[in-house]
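Heads up, the chain shows up twice below as structure tokens, two forms, tagged structure 1 and structure 2.
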Structure 1
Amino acid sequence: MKHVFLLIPILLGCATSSVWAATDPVLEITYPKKEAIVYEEELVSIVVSPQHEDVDTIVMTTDSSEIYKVHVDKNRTHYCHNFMLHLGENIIDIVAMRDGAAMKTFQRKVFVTSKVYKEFHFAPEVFQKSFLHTDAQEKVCSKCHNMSVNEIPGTAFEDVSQSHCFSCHVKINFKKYAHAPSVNWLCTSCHNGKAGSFNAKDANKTKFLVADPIESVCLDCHEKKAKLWKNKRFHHEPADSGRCNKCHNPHASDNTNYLRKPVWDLCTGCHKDKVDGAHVVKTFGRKMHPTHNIKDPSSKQGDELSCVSCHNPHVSNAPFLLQSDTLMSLCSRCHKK
């Protein structure tokens, strides 16, 4: 009789530790809270927190097959990982595992927009803008990360890993070329929390907002350009509207001048008709004038011919933003006779 009573508590003990209802939280997705979010950077961080003692492993996989697998340590509450994304919709599956089997699967969708390619200008409506740096969200992170700003304006860090922003954002500068203020971790020289006329609706949604348009921030440091450009007769629309970041990545890039794409791809991203449309010589002959894949005869450094061999990307005194004052003087830069 006695041992029957003993058995019951043992069975109950087993039941509470191994059976879980489908409604149990199992895992909390601490960030991003929203299931479908939109970003401009090609990086996103996922932060999760196991809510059930049986979770022994967490596996996260992106649709471009990047896998992050971490074993749960009972003394740690949160796990964080930064993923590289591609333009458009990215799907990230997050699986809480026990003994090699999935307990529960979660999903986050991230849409990366592009300022160059029309098809990625806007995300479908289900995707919403989300910001991390609010007091409420930072409170969770600050258990383990220092969330304060330790930047001295205008002074580069001697050891950039000392920047409080470094531990989470390190990958932002992982490109061939990195822009001085970004690679020196002077993040708040641009992310000063101020909104511009295009993003006034985001004012106060994050401590580190950056003004859109960004021009005045860029020209604060690039003063010489400001003076040089002001009095020119013709201005290129995307530069004139102050949206320097349409063409330049403010942080880093694999292309010179921190361009979002190599010059030819950048220009034809917006000017699609120039990929193979009649150009330059339509008034002089039938054949299309080359715009790439050949050396630029006017370049002393031996650069490739591209759109900027003939056009200034920002301003000009000649119509069509030509690099020379007149059409004829343009031709003679490369055609001697």
Structure 2
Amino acid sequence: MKHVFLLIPILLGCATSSVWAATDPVLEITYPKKEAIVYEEELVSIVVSPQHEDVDTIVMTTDSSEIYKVHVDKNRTHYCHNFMLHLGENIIDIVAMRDGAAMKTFQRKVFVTSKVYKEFHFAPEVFQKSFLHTDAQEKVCSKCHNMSVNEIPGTAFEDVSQSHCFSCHVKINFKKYAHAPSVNWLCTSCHNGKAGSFNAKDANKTKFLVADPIESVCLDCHEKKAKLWKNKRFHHEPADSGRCNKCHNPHASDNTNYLRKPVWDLCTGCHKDKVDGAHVVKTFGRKMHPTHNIKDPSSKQGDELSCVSCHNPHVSNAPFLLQSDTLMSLCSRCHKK
């Protein structure tokens, strides 16, 4: 009997430990909250705060196997890391650890949308918009980061790393081609906090909102385009609706002109009926005229033949947005006498 009584406190201790593990706050995920949507850019910040003194390590892992491990400093309240995600649903596991063992595991789901991949146009209903740059959130971030805007409008940084935006957002420029405002860290020239007709419901939710449609922002710099396009007879829908970022990435891209896909892939993403090239008249040899996979004879840069070799992607005075007013003048761009 003596041994039985000695065992009771031990069992009670184990039971207490199990209850603590299930109910005691261990880690708080400050951002993002639950299931979040990220629009277009595959960059997301995960912000966490240890809530128990025994937490000595935090490990974050994406479903693409990117791992970030941080050792907890008792004098620091929050930790963050920026992950590059993939389109669609991403799952990030966050584990609070003590002496190499998991105390508790958390999970966040983030959906990255895309304007050019139809399967990722819209996130499932469970996902909600989540803005990082809110007053409440920036109070947390300001413990480690300077959250003030230190850019001078229209003036590029001599040392871009001095931009207060640089350290957290630098990965968005890790592409072959970077747009001038982005690579020079003139962030607020576009992220001015103003809403457009398509995102009016988001007004005042973050000071770095960008108007949708984005045309008013783009044409502040590309004003010559506005004058050129104004009196043209035919307009392509993305340009006509002012949604320049439907085809172009305003930060950076691996494709020329900051396109979200290579030209032919981008166009046929919407115009799927043109994939086989059957819309082009037969040549004298009774073969279909090629639409890609050969060099464009009219290109001085040696570009590949694509939809824009014959069609203007923005506006035109010719039907079908042709690059020339007549079919013969169009053909003569490549077929010289």
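Numbers given to residues start at 1 and step along the sequence of structure 1. Since the structure is predicted, the reported quantities are computational estimates derived from the model, not experimental observations. C-alpha atoms forming the largest set that superposes within 1.5 Å between two forms make up the rigid core.
Structure 1, not structure 2, represents the form predicted in complex with heme C. In the core-superposed comparison between the two structures, the C-alpha atom of residue 38 has shifted by at least 2 angstroms. When two forms of a protein are overlaid on their rigid core, residues whose CA moves 2 Å or more are considered shifted, and residue 317 is not one of them between the two structures. The Cα position of residue 327 changes by 2.5 Å between the two structures once both are aligned on the rigid core.
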